[in-house]
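So this first bit is one chain, no partners, the form predicted alone, shown in structure tokens.
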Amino acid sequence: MPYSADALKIYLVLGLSSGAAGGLAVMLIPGARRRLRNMITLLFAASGAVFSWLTALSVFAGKGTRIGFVSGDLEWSLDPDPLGAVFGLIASTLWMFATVYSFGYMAEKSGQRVYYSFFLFSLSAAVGVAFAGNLVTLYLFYELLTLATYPLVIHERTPEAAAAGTKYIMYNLSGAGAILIAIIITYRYAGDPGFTGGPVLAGVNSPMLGWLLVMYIVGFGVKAALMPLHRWLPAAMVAPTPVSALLHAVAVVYAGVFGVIRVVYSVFGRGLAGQLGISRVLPWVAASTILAGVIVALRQDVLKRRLAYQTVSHLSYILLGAFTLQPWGLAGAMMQMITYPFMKMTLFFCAGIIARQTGETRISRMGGVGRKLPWTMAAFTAAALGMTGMLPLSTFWGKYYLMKGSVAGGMWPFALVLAASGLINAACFIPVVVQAFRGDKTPSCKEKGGSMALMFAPAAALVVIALVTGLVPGIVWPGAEAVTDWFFG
């Protein structure tokens, strides 16, 4: 693979622009040309993934590149580091799985031109967040991601969808307002340095820094679903299932988590962050969200809402690892960030199949679903076990390193929180599986048809990936190690 500066810039630009170009192309296709629209969507989603991979691999090889220009008093730049490369890989790769799933799920639904256009626009916005080289560029793509995903949240155009969309946009724009104020204050202290030149606020000494960090955490914490800033997330479950999977496992929530980690390690730096009093509170905020989220999930009867609250809990696994300010904690956060989406997307994909093929959305009514959809429930069971952190699934390793980081930092109670949350996660999901194989015992297979194959294939592939990376964690470890070495090396 060529590593010349010009080649790397091409990779970066194409990885960023593929989604936007594809979205514009889909907009121009007449509504009746479904097959052509699907081909273009797949082509541009694949292009975004390929060039994001090429960009990320060059970053991991130490061959980073930068693109920037000045407009007025602001500099806009793309300059990916290992943290951005990991997020870019996660987003662009899993977008491919959601693309194929969408072809089956949306086959008989209206509004596909708008759906696929904004589906691809959102991909470019997510990649832009990942590869942003400074705060102002990060903020631009962070806001574009909110605006691009809003039409997907309200896609059904029902009163419930409209209400959920209003809550979604209000929460996220409020969080963005807090981020904007924090960025203005940061620029007053430190000017306009990029992320790859060391912590932005290094050497700054001000009694306001603690409040500045709080403002950033609150702003990014909306998308990261930190309690009590999470309420938009369960409401957004009215969106089509592939959108729910992206919101909860890849795009929006991960942009929030990524923003928190970026601020702690690239804006403040672990040294300065560790000196602030708020740094001793933040791990407890994450730990309380872990337990509260999964406890609330246990009480939900609607399957997608249970998955939503469980997302609230698991996102704070990543934040807890980052807030320990320990190498093993950050490594665990990265392992969790890489491996968790495999399982969460699988659960949402399976929930969508169940709802589409049987009409059931409530757990209490799913008796016999396992006999109607045996392969779907097998994938659901594997993903459910992954949510508990069980070997041989890959999510075990994230929890292992998170516990190791907690103990290494003298914060052993957080290891107990992680263990307790695993048990409560088991209580969340095992009854769903048991319920599915109770009740009607008459076999009635509903796993047939072309659209069904397009929906099940991505779920099955994700389970296989989770099993392989669980058995051979060295496949994904280099990504976590690169981020840890970047900030602690």
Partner chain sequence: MTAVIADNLPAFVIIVPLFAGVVLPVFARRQRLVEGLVVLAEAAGLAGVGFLAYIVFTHRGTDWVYQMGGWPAPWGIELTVNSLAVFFLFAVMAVSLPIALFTMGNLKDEVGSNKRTARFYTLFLLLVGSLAGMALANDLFNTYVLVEVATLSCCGLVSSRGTPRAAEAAFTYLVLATLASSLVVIGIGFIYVTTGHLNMGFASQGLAQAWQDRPHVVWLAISFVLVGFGLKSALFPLHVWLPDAHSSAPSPASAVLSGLAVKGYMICLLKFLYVVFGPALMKEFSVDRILVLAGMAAIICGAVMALPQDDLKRRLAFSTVSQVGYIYLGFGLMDENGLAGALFYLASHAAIKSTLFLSAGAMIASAGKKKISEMAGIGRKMPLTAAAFTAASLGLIGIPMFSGFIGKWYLIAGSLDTGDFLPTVIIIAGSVLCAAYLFPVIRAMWFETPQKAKQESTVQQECKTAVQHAAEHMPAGPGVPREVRVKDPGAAQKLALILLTAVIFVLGVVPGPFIELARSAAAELLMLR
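Given the structure is predicted, the values throughout are model-derived calculations rather than measurements. Residue numbers count along the first chain shown, from 1.
Same protein, other form: the form predicted together with its partner chain, not shown, and the subject of what follows.
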- prompt: Within 4.5 Å of its partner chain in the predicted complex: all of Ser364, Ala436 and Leu454, by heavy atom?
  reply: no
Partner contact check in the predicted complex: of 155-163, 265-273, 376-384, 408-416, the stretch with a heavy atom within 4.5 Å of its partner chain is 155-163
Only hit among Val100, Val296, Met227, Val136 for heavy atom within 4.5 Å of its partner chain in the predicted complex is Val136
With the partner omitted here, the residue among Leu140, Leu391, Ala355, Val218 that in the predicted complex has a heavy atom within 4.5 Å of its partner chain is Leu140
Exercise: Ile278 in contact with its partner chain in the predicted complex, heavy atom 4.5 Å:
no
ask   = Might Tyr189 be said to contact its partner chain in the predicted complex, defining contact as any heavy atom within 4.5 Å?
value = no
Verify the contact flag for Phe118: yes if a non-hydrogen atom of it lies within 4.5 Å of a non-hydrogen atom of its partner chain in the predicted complex, no if not.
yes
Query raised in the report: Can you check whether Ser174 is within 4.5 Å of its partner chain in the predicted complex, heavy atom basis?
Result: yes
Residues in 181-197 that come within 4.5 Å of its partner chain in the predicted complex by at least one heavy atom, in order, are Ile181, Ile183, Ile184, Ile185, Tyr187, Arg188
